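In structure tokens, the next block holds one chain alone, the form predicted alone.
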């Protein structure tokens, strides 16, 4: 999954042939990129070598930041040594060891929590930082704030002193800050205590549902979830939308998967290649 956020791209897991899919989806191979790997199983990490090589062949210059469980750095070192390819950019590896903040950017942050798969694994939450409230220019003008830089400072949450000695605060001319958007990605996991709190009030929960409800015992053994389990997690989190992923190839028709989830959480859909979702800004 690739999240397009401004001029940045945030990728969650990196399966085989991901660079081909990005090219077909017209997703840039040159923009700022963070990659978050939930665990070290091949279908979640083996796309990294091809992606990095393709970027190098296209003469990428911007660094790539990769986050994931312990062993990720050694994995990439071995690949580069064995395949003997040269990169045209820096790869910064950040190994995640525990729950908490793992990436803190100016406009968003990404946190991790250990999940419940067959190997060490993490779920990730992307959270957009609060945005300034709606600015009211008529209020600024009425208070004698000169148009231009002073208005910009107020819009960005900074107080402005006037020549009269009065200090105009952002709350004098703007609405309260607006809540940012939140997207939670489960990775491969059984249900686990704490996920609903981690995903609380998410705009979208992207949750695996490998097997249908009749195979709940197999899901437990293999470290996966069923549609109803994923739906219960989304419901408990008070999420707005649930997207099911990682459906077993045994299901040529996902209607059963969708039906089981929607009985618990109606606003559910099943992901497919090149699915696009747009999350509007809150008012």
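The structure displayed is predicted, hence computed values, not measured ones. Numbering follows the first chain given and starts at 1.
The discussion below concerns the form predicted together with a further copy of the same chain, not included here.
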Does each of 94, 114 and 220 have at least one heavy atom within 4.5 Å of a further copy of the same chain in the predicted bound form?
no
138, 81, 193, 104 - the one with a heavy atom within 4.5 Å of a further copy of the same chain in the predicted bound form:
81
With heavy atoms only and a cut-off of 4.5 Å, decide whether residue 74 touches a further copy of the same chain in the predicted bound form.
yes
State yes or no: in the predicted bound form, is some non-hydrogen atom of residue 9 no more than 4.5 angstroms from a non-hydrogen atom of a further copy of the same chain?
no
Can any non-hydrogen atom of residue 17 be found within 4.5 angstroms of a further copy of the same chain in the predicted bound form?
yes
Taking 4.5 angstroms as the cut-off for heavy atoms, does residue 69 touch a further copy of the same chain in the predicted bound form?
no
Stretch from 28-36, 44-52, 237-245, 59-67 whose residues place a heavy atom within 4.5 Å of a further copy of the same chain in the predicted bound form:
44-52
